[in-house]
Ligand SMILES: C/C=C/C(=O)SCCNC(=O)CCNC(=O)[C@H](O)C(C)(C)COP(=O)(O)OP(=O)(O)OC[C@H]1O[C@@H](n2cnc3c(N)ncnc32)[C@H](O)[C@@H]1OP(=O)(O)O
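This document starts with one chain, in the form predicted alone, laid out as structure tokens.
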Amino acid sequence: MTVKDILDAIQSPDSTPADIAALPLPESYRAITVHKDETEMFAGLETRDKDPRKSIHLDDVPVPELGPGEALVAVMASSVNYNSVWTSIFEPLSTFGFLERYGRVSDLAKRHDLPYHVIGSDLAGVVLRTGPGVNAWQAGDEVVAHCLSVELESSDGHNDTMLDPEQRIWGFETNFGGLAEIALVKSNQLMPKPDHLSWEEAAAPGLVNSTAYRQLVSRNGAGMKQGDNVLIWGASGGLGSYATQFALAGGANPICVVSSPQKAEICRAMGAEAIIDRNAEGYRFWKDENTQDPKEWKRFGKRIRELTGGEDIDIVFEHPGRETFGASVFVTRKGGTITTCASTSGYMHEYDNRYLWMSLKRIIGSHFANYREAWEANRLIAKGRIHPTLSKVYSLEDTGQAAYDVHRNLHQGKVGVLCLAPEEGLGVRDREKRAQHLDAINRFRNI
């Protein structure tokens, strides 16, 4: 049995779930990996000069053992997130430390501690096998996966699974990720594939869509409501493009910060009207490496008020981090909220605390999403209320180039990767629903 036989069965209109379940598993599959013995290959280089094309490999790897509560999925398509970039350049640290720590959790978790790391935190595909104790899913189910991996043996995670002490991000802090022909997931990562989307379109939203939902909409995040003014940094990017859609769909007013006229046009196409091109308007929030410029914060705040009819920001959707955080705290209204889920420009944030404490503002840390939040975010995709922001698709062989493009910010929205799917456009089941939303689905491809 080869992986091609699995693909043939999936693509056959005559295949039944029983046929998929009866397929013998291959001994190996192709996967995108980084290697433990190469973690120092970029030593001494600046972050920008570290090239994922040199560290990312396409290897044949053994199919992992299937454990209780788990599923093996034939991956039709995946996508590249920033965590795949961080993994590939071994920043802020090598992910092999994550795998080693996970390997000490249990005998079953030892499977993850390997000299190679199969990466990737998104997938769309077909369930091949389920382990003992899995009842909600069966072979043949078309699924997408969110990237929250939890053990839930501690009480801490039972109010919000993101608080589980053994919470990890699949394909980043665990092995056997989605940039591969087969992936190993926990069954409580699975969700129904939206039936009006192709494989690559369905794979694209997962991580960023769920992250944006928790950060902006959920009670665990900002709890956005109708009428809120929401400042969205990088509003046409992987995270920001979903935050912009959530704001618009939820009756809020997104103030979209972008860095080029092309990215501004993408925001307009999504329906946003208040847009700030930070490069065109020349905002420089730092005088030098160590000194911020409050005058620029004030100029930025004045521009925001021009766009909101004199109102300040209720919620800041933060992820750039160090470069923007001082400005974010300043422009938020009294009693407002800054939610942060990343620090792509630097982890050591600085802000003037007077503007926080004296104006009763809140900073909320937000990291990915729990199963319920991911399910709700995926449900909105399936209903056609939120749309994929896929701009370009690569082959599995070209994943290194895809990661390079994301690393250098040469992309818009999300970039997809075909794994088992031989071409784009496959996997659509509801063409009538697709026709209703086709312009929105293709929005990021057409700009």
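All figures in this text were calculated on a predicted structure; none of them were measured in a lab. One-based numbering along the sequence shown.
In what follows, reference is made to the form predicted together with the named molecule, a form of this protein that is not presented.
Site check by superimposition: the named molecule, modelled from its position in the model of the complex, clears the backbone and C-beta atoms of this form, with no atom inside 2.4 Å, and the site reads as open. Highlighted residues 31, 102 and 176: none comes within 4.5 Å of the named molecule in the model of the complex, counting any heavy atom. 169 is the sole member of 272, 329, 126, 169 with a non-hydrogen atom lying within 4.5 angstroms of the named molecule in the model of the complex. 147 is the sole member of 182, 147, 377, 247 with a non-hydrogen atom lying within 4.5 angstroms of the named molecule in the model of the complex. Of the candidate stretches 364-372, 138-146, 287-295, 348-356, only 364-372 contains residues with a heavy atom within 4.5 Å of the named molecule in the model of the complex.
Heavy atoms of residue 93 reach within 4.5 Å of the named molecule in the model of the complex, making it an interface residue. Interface residue remark: residue 300 is not counted as part of the site for the named molecule in the model of the complex, having no heavy atom within 4.5 Å. Residue contact with the named molecule in the model of the complex: residue 202 places no heavy atom within 4.5 Å of it.
For residue 83, a non-hydrogen atom is located within 4.5 Å of the named molecule in the model of the complex, even though that partner is not displayed.
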